[in-house]
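In structure tokens, the next block holds one chain alone, the form predicted on its own.
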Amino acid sequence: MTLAVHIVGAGPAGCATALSLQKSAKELEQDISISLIMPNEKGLPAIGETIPPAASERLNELGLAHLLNDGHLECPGSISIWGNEEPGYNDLFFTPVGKGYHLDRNYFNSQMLEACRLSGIELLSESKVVDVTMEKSNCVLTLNNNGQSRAVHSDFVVDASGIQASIARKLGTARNEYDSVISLCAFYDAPKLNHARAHTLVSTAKNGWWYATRLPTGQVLVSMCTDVQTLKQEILDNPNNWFNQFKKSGWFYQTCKEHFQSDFIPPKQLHTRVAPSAILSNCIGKQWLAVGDAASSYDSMTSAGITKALDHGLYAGKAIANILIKNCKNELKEYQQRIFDDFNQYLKLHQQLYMAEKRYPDSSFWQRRMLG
């Protein structure tokens, strides 16, 4: 009998889970029908992301290391001012596990989906889960596709729906939030950057911290990370106010001009992205688990979102195969413990990094991070 697994969400975490599950099922000589349920998410531009060498290693485990050779840009490391006035350097060239990359995020997502399609994984596009019911031996998902509803039966469901954790929340699982920051991002055209350095730049400021990176698309991403309280107080979602803060950032603004060979002007539009530090109270159930940002989400300062998605997806796929095929009931608990342990390590890093910056004692943004 062919088992059925449905994965709700088709980002890096969902795709990694699907590919890992398929590989594990083949090794165990069991047929599993795997479906990726993909809602219509058009309209939101994907924000480029820089991944560390650890992400390259995870892609290699999935047999997808070659994806980074096409359409993405090698990242030599970062230059940052955090906690003192002297720039610090993090060189990625000498790590033993691989290279860092600036991703064309839209293209990377499409590469992951294409890898799933070529592997025989079903892609259910423009489908949304409107209801989920756990029965004795399986799970029933009610899908809506262009106004048409239908029920599908699944032996196991994966919530890979991102920070909204739509399946977990439909099942009544609470989400615990420890902190939340918001990035205000602007894109600048940079056609002269073919041979320029591709380091990422990071610097703290009174109202948060700045991040800038070159993208493979011929653009530069400049982002201010703050919190909702500061955003409202300083009206930072106004492009002119955002740009005035950018110009006041001292070393960061001047280095951006030199590094990216651009005379920056106020952006026409800012794109906002929320990055909560949050985790589900339970990442597992009898016939389901959550993975990626649906299970736990991190502050964007870690640049760990995709690495975590790939790492936990790899582990989730193996765990599901062992649960369904070998009836290894402890696999779910071991998977959840890994999510919890990783999140606890992340919280230590979160505290360490925010506590390291003491140059803004009158800043409400930094005070809130200290208290957290």
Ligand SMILES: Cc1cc2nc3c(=O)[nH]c(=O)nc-3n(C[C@H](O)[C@H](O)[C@H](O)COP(=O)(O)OP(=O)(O)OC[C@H]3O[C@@H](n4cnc5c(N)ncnc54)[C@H](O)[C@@H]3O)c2cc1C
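Numbering starts at 1 and follows the sequence shown. If you're wondering where the values come from, they're calculated on a predicted model, not measured in any experiment.
Although not depicted, the form predicted together with the named molecule is the subject of the following passage.
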Of these, 233 to 241, 159 to 167, 247 to 255, 79 to 87, which stretch puts a heavy atom within 4.5 angstroms of the named molecule in the predicted complex? 159 to 167
Would Leu201 count as touching the named molecule in the predicted complex under a 4.5 Å heavy atom rule? no
Is Ile34 part of the interface with the named molecule in the predicted complex - any heavy atom within 4.5 Å? no
Does Ile306 reach the named molecule in the predicted complex, with heavy atoms at most 4.5 Å apart? yes
Quick one: is Leu324 in contact with the named molecule in the predicted complex, heavy atoms, 4.5 Å cut-off? no
Non-hydrogen atoms within 4.5 angstroms of the named molecule in the predicted complex: do Met38, Arg105 and Val129 all have one? yes
Of these, Ser300, Gln287, Ser277, Gln219, which has a heavy atom no more than 4.5 Å from the named molecule in the predicted complex? Ser300
Heavy atom within 4.5 Å of the named molecule in the predicted complex: which residues of 1 to 38 meet that condition, in order? Val8, Gly9, Ala10, Gly11, Pro12, Ala13, Gly14, Ile37, Met38
